[in-house]
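Single chain ahead, written as C-alpha cells, the form predicted on its own.
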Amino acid sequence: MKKLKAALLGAGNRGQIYCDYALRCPDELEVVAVVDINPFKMDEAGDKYGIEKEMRFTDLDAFIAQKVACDFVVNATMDEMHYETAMKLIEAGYNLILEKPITGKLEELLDIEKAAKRNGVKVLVCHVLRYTPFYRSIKELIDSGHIGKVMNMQLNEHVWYGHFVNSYVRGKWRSEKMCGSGLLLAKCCHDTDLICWLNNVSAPTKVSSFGSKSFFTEKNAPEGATQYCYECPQRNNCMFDAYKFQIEKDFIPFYTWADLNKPLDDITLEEKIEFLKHDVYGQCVYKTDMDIVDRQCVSVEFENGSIATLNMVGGASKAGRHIHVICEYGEVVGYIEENKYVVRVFDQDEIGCKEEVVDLNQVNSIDGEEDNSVAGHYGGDHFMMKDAVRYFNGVCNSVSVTKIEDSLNGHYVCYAAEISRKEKKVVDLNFNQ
C-alpha cells in the first residue's frame, strides 16, 4: 500500500482532526497543501503539518489553478459551502473526503452524486459513527444473519447541554438560515445514516416527524434577563451564564474563541471577558437568534415493512446514544458510551432468550490499532481515516466505507423529516425517482 498525499480545505477543528491521522501514521499519509480563507487558520494548519509556504492558499480557485497533486482533498468547510467547493473539486478531478452533511438541498445532493459519477471521482462522506468499533460490530452481527433481518430499530441521541449550547444555541450551527440546514441534518444525519446503513437490505419509503424549539425561548428567560450576560442581574442564578460557561468551565474552547484568531493558550482573560460583551457566545441562551429545534422525533418505514424511530433531545444533562435493534431471531441493545452491547437470541428449549455481552473495551486491538479511544467520536474519526487511506489505495473491504451513493438514504430521511415536521404530514420518499 502506497503512502498517500492529502490536501485540507477548511482548516477548522474537524478538518484538523481528520488530517492529524498523518501525524499518527506518517508512513501512510502526508498533508501537502491547505486552503482556508482565514490566514491564521491556514498557517496554523500549515505549520502543524509542515506544509511548504507555496502550498498554503486562501482561495480554492488558486489551489485548483495550480493543479496541486494529491490523492484526495479533505473538504471540511462549513455546511453551506459544501456544494460549491465539492463541485469545483470534483470537476477538477479530485477525490474527496467530504464532511457531513453533504448539503441541505436535495438538488445539490443529486448534482454532487452525478458529478462524481461523471468524473470518475470517489467521494467518501464523514459518517464517522459507522467506523466506531461499537456500530461496526453491530453491523457485522446483523450482516451475519445470526439474529435474522431487522424488524425494528430504536435510536436515541441525548445531546449534552454544554455541547448543545456551545454549538446550537450560541454556536455557528444555531441557525438554519446561516448554515443551510436544521438541527436534524446538522447533528443527527449520523443517526439517520445509521438507521439506513444497518438496514440497507431495504430502502426507506415513508417518514414522519415532530419537533420544536420549546426550551431555549425568550418566554423561559429569567425575569429581568438582559441580552448579554455580563450585565444581567440574574447571572448568579442562571446555569447558562456565559462567563461561568465559557470562562470558568471553558466548554469547547476551540468553538468559543475561534474568532479571536489566536492560539488558545495565548488568549488572555481580559480578551475573553471583553469578547463576551459583544459576541453571541456572551448572549443569553433564551435570547439568541437560534431558529432550530431543541427536540425532535422521527419515524421511518422501509420497503420490507421494517420500521425505525429516532428521538433527539438537545440540552440533556448527560450525553448518550442508545440503540435497540430487534430482529427476527434476537436483538441488540446498548449505549455507545459504554462501548458494549447485549445480544439476546431466542432460546427455543427454554422458551426465552440467551444473552451475551459483547464488551469492546476488552478488545486490545482492532485492525492492528492498540488504542481504540484515539481521536473523537469514540474512535470513529481515526478509523474512518484508516479506512479512507485504504479506500483511496483501492484495497479497502470495510463494511463501514461510505461511498456517496450509500449516503443518499440517510439524507433523504432528514429532508423528508423536515418537510413532515413543518407541514405536519407523512412524507413519501421518492426523491431518487
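Position 1 is the first residue in the sequence shown; the rest follow in order. Quick caveat: nothing in here was measured; it's all calculated off a predicted structure.
Keep in mind that the form predicted in complex with a small molecule is missing from the display, and what follows is about it.
K.L.:
Of the listed stretches (79 to 87, 105 to 113, 213 to 221, 305 to 313), which one has a non-hydrogen atom within 4.5 Å of the small molecule in the predicted complex?
P.N.:
Selected stretch: 79 to 87.
K.L.:
Using a 4.5 Å heavy atom cut-off, state whether N38 contacts the small molecule in the predicted complex.
P.N.:
It does: once the small molecule is placed as it appears in the predicted complex, N38 has a heavy atom within 4.5 Å of it.
K.L.:
Consider K172 of the chain shown here, and say whether it contacts the small molecule in the predicted complex, taking contact as heavy atoms within 4.5 Å.
P.N.:
Flag for K172 set to yes.
K.L.:
Check R130 for me: does it contact the small molecule in the predicted complex (non-hydrogen atoms, 4.5 angstroms)?
P.N.:
The answer is no: R130 has no heavy atom within 4.5 Å of the small molecule.
K.L.:
Report yes if any heavy atom of R136 sits within 4.5 Å of a heavy atom of the small molecule in the predicted complex; otherwise report no.
P.N.:
Output for R136 is no: heavy atoms all beyond 4.5 Å of the small molecule.
K.L.:
Is it true that G12, Y18 and C126 each have at least one non-hydrogen atom within 4.5 Å of the small molecule in the predicted complex?
P.N.:
Checked in the predicted complex: all three residues contact the small molecule.
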